[in-house]
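Here we start with a single chain on its own, the form predicted on its own, put down as structure tokens.
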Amino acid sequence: MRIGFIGLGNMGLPMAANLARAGQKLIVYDLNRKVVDKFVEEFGASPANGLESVAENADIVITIVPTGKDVRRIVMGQDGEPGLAGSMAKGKLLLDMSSSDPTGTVALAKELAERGIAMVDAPVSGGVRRATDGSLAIMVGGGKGDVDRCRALLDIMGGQIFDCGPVGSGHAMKALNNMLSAVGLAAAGEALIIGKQFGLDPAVMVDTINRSTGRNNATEVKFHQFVLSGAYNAGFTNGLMLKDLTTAQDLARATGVSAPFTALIREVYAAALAQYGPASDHTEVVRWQLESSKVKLGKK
């Protein structure tokens, strides 16, 4: 197969590199031409001269871009600019690995199906480190036959593949996973602030929690490394986290579910983003909690 790969960002670049190392024939596209040229030089991929080139030359097109709106613009075009769909032949497949809005994904898949183009959504979890070593958790939504067409590619990029259901299910699962991740980070931050004010050592608290029932991903892999150290550079931005939390909240509304925790945690991250900007690291939500409480936890 010939694989089109759109989006050579923090996550997309190492994922595409793993596909290239595995011998997949790639045609790559990114708005940053320097990144494309460097990738082509290193991995022998073909550079795409625009979206039309990707659509015409690839059997499966992978997108991993910031938002579902970006995916729609790339696929359907915007402001007179053509998208992928105009040049994709019947029988081709779009594999969206972005963290997109699930309702938007369902709508886009329906439009593509009317053109004879299949769609699978397969967002990822695990960050840049696991994207680099090919051990990402991948949440997949789509018809069985369509997912099977992508299976070999997903196995290269991910250590665990979860079949979540019909198209849109992967994106729904990703938004809800990130909501839980956001809650765990902020809740742990609040616990450490309370403990520090009582007189507990934050480092001892984290070690204790990680051997107790309160442990979560944030306490195990983020607090010592990125919070207590004062680094705040885990590699996932507040802007992207707030986008995912908004997606989770929108999903709750669309399904008629009352979701007070989702609404509250979204407000917390929105406040952190307002303080530090969308490019700030998502772990800086704890920095915001600390500054709001006038408490210091770590070395800085």
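The numbering used is simple: start at 1 and walk along the sequence shown. Just so it is clear, the structure is predicted and the values come from calculations on it, not from any experiment.
Omitted from view is the form predicted together with a small molecule, to which the following refers.
Here is the short version: of I60, A252, L26, V65, the single residue with a heavy atom within 4.5 Å of the small molecule in the predicted complex is V65.
For the options G127, G77, G159, P166, the residue carrying a heavy atom within 4.5 angstroms of the small molecule in the predicted complex is G127. Stretch-level contact check against the small molecule in the predicted complex with heavy atoms at 4.5 Å: of 252 to 260, 271 to 279, 29 to 37, 52 to 60, the positive one is 29 to 37. Within 4.5 Å of any heavy atom of the small molecule in the predicted complex lies no heavy atom of P47. Contact annotation for K243: at least one heavy atom lies within 4.5 Å of the small molecule in the predicted complex. The closest non-hydrogen atom of Y232 lies beyond 4.5 Å of the small molecule in the predicted complex. Contact check for T105: every heavy atom lies farther than 4.5 Å from the small molecule in the predicted complex.
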